[in-house]
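Encoded as C-alpha cells, the following chain is the form predicted on its own, with no partner shown.
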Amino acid sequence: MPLNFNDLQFVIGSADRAVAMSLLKPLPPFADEVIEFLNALSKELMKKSRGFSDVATFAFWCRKPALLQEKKSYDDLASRLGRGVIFHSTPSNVAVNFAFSFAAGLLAGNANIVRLPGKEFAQVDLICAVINELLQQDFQNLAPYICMVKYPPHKEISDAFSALCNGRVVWGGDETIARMRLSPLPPRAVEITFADRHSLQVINAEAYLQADNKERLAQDFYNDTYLSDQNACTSPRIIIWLGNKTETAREIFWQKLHLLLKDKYNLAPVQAVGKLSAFYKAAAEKPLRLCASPDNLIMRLELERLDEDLMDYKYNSGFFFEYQAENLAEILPLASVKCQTLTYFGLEKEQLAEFFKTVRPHGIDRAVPMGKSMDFTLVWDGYDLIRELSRKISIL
C-alpha cells in the first residue's frame, strides 16, 4: 500500500523504507548490533540530557550492562526470531514513552515503525536527532529497521501502517485502542494494547516510622505521583495504610511531602478548581471526609470503605484517597483488571507473593518499591514484550 499522504511526516526513515521493511530478515532477540546501538544511544543521550530527567532515565535503562542483565532473564533466545515489522502507536502526552516501546521492539528482533507523540516535546526531538546521527554513521546496517513518523489521527494512515505490520503496540488508553482497532491487522499479526489503568500504594506505618530516610521517601513518592501530575497509569491514586500507629505515620508522611512540594511543585488555578470539583463529586456519593491541609497542594480524602467503583472519582495534581486497612486482602475491591501497579513500603516480598497466591486478584500486574513505579521493564502490564514480539521456532 503506498504511503503518499500529505499529513504524514517521516522524522526518521522514509515511505520507501517503511514499505520495504517486510523484506528484511528478522533479527534474533538481543542481537549484538542492537545492544551496541542502544548502548551508543545511551552514551550520547547521557551527554545531552541535561534538564530532561525522563531522557536520562531512558538513557540509563538502555546501557549495555543493563540490557545484558535483562537478556539473562530469557533461556530460549536461541530458538526465537523477531516477528517482522512492529507498528507502535504511542501516547500523545508522554514524551519518552515512544523510545521505550521502540527499544523493546528492536530488542525483540523487529523492524519498527513508531508513531511519535502529536504534542511537541524537546525530548522527542533530542532522541530522534541522536538516533538519526547514529544511523548515518556507525549503525547504517540498522537504518532499514527504523522509521519514526508523525501524523494526525487519520484512519487511512493507520490503516496503511497496520496493513504493513506483523504486530501492533498501542499505548494511550481505551479510546485510542478503540480507534486504532478500526484499522484491521493482517491475519497473523499480534497486538499488544496498554489500556486505561490506575495504581495504588500500600505503606506499613510502623516501618515508615522506623525509617531514617523520610525525606528520601517523600522524594520517592513525589517521583511516583507529582512528577507526572498523576497522569501516568503507574501513579498511585489511593494510599492504603497497614499496621499500628497509622495516625502518627500519616501525619509525618504528609508533612514531609508538603515541605517538598512547596519548593518543587506549582499548582495551576485550573488544577485547583478541578481537584475541588472532584472532591464535591466524590463527597456527594461516597462516605468520606476531607483531611485538613495547609493549602491545596495535597488533597486527601479519607474513606470509610473501599468500593469497586472508587476510581470513577479519581483526579490528578495531588488528589489522593486514603484508607486504613487491617490486612492486605482488603484491597481486593480495587484490584480489578483496571489496576496496574502496587507500590509499597515496609512490606516483604514474601508477604506480597502470599497475597497474589491466596487472594488471586484479577488485576495488579506489578508490585514495586515506592519510588520505582515509573521504572520501565521489558515485562509491562503483564506482557513480556520480548516473548510477545518475537516468535518461537520449534524443531522436533
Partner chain sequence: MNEFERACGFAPFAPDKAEKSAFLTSALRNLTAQHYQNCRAYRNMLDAGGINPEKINDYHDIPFLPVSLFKQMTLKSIPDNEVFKTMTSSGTSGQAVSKIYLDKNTAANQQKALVKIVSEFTGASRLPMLIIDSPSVVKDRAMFSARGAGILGFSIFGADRTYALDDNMQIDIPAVKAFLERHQGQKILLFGFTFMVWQHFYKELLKLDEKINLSNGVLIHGGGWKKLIFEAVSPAEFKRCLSDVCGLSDIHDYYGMVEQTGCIYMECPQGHLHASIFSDVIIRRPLDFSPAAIGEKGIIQVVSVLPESYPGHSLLTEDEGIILGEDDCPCGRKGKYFKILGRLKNAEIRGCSDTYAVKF
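Because the structure is a prediction, the values reported are computed rather than measured. Positions refer to the first chain, counted from 1.
Omitted from view is the form predicted in complex with the partner chain, to which the following refers.
Scan Lys245, Lys71, Arg289, Lys155 and let me know which has any heavy atom within 4.5 Å of the partner chain in the predicted bound form. Contact residue from the list: Arg289.
Let me know the one among Ile239, Ala232, Leu164, Leu257 whose heavy atoms come within 4.5 Å of the partner chain in the predicted bound form, would you? Checked against the cut-off, the match is Ala232.
I'd like to know if Tyr151 sits close to the partner chain in the predicted bound form, meaning any non-hydrogen atom pair within 4.5 angstroms. Yes.
Is Val190 a contact residue for the partner chain in the predicted bound form, using a 4.5 Å heavy atom cut-off? Looking in the predicted bound form, residue contacts with the partner chain do not include Val190, since no heavy atom lies within 4.5 Å.
Would you classify His88 as touching the partner chain in the predicted bound form, given a 4.5 Å non-hydrogen atom cut-off? Heavy-atom contact with the partner chain at 4.5 Å: absent for His88.
Residue-level contact is defined here as any heavy atom of the residue lying within 4.5 Å of the partner chain in the predicted bound form; does Asp138 satisfy this criterion? No, no contact at 4.5 Å.
Specify the contacting stretch among 72 to 80, 247 to 255, 115 to 123, 138 to 146, defined as having any heavy atom within 4.5 Å of the partner chain in the predicted bound form. Result for this chain: 115 to 123.
Whether Pro369, Lys372 and Glu388 all lie within 4.5 angstroms of the partner chain in the predicted bound form by heavy atom: Looking in the predicted bound form, the three residues Pro369, Lys372 and Glu388 all stay beyond 4.5 Å of the partner chain (heavy atoms).
Output the sequence-ordered list of residues from 278 to 314 with at least one heavy atom within 4.5 Å of the partner chain in the predicted bound form. Residues within 4.5 Å: Phe279, Tyr280, Lys281, Ala283, Ala284, Glu285, Leu288, Arg289, Leu290, Pro294, Asp295, Asn296, Leu297.
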